[in-house]
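Below you will find one chain, with nothing else, as structure tokens; this is the form predicted on its own, and questions on how it binds or moves follow later.
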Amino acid sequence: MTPDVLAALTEARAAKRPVVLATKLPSGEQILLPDPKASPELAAAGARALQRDETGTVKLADGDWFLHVHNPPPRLIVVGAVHIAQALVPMAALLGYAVTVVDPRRSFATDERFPNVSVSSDWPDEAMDRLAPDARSAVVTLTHDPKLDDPALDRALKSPAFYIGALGSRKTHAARLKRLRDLGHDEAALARIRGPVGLAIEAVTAPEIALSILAEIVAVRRGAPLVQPAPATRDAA
């Protein structure tokens, strides 16, 4: 690895910027993607590798390339420090997500209830502005309180977050969508919200609901086909 490539890789990792170190086989020629000097085919292969989080060898027209993905960890922003969140957070951490719990209610958002996790007591709109969800971010709202959930969803819909989910029954979700329409969001934007949140696995308990949410996040991230939406009765917190 040349000093220039090493310096660029070190800088990208420090800035948590997703990059791919592409090495041509067997010559050892290297390029850090994305790079405007890369061929369109190599650039596309690098973009696919980043999206899929897949390190490995690809066969291109000009030969074999080993693509080493350097992605920052995916993020999960949970709005609402409720019981489901207490089950969801450790599960997400086990899957490598960097988790932040947002809840201005200080009796809920405590280090005791969420040990070893970033906890924000800012109002959700302020927290979301600071956290700036990107294409590797998932956002889940769990409070059932429009004063907390709606500002977070409003900000999430204005971001490239790959997953947006909101807890609540279909009736609750319909009312939520009306409020978000009033904030100026069109139908295409509103269709991004998974509501009722989670895969339809007949979940009842808080851990089961947390599992269904995380399973749906993984399915969306990996591009897996999804089953029908969760039952209308899901309204627990």
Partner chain sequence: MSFSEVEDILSVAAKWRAEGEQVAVATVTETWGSSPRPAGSRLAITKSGKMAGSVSGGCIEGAVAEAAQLTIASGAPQLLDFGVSNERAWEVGLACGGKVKVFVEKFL
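Numbering follows the first chain given and starts at 1. Owing to the predicted nature of the structure, the values given are computational and were not obtained by experimental measurement.
A second form of this protein, the form predicted together with the partner chain, is not displayed here; the remarks below concern that form.
Although the partner is absent here, Pro26 sits close enough that one of its heavy atoms falls within 4.5 Å of the partner chain in the model of the complex. Taking non-hydrogen atoms only, Thr205 never approaches the partner chain to within 4.5 angstroms in the model of the complex. Although the partner is absent here, Pro146 lies well away from the partner chain in the model of the complex, with no heavy atom inside 4.5 Å. Contact between Ser107 and the partner chain in the model of the complex is not found at the 4.5 Å heavy atom cutoff. You can rule out all but one of 56-64, 182-190, 38-46, 206-214: in the model of the complex, only 56-64 has residues with a heavy atom within 4.5 Å of the partner chain.
Counting a residue when any of its non-hydrogen atoms is within 4.5 Å of the partner chain in the model of the complex, the hits in 5-32 run Leu6, Leu9, Arg13, Lys16, Leu21, Thr23, Leu25, Pro26, Ser27, Gly28, Gln30. Cα of Asn116 to Cα of Glu11: at least 3 Å shorter in the model of the complex than in the shown structure.
Contraction of the Ala98-Thr10 CA spacing by 3 Å or more is recorded in the model of the complex, set against this form.
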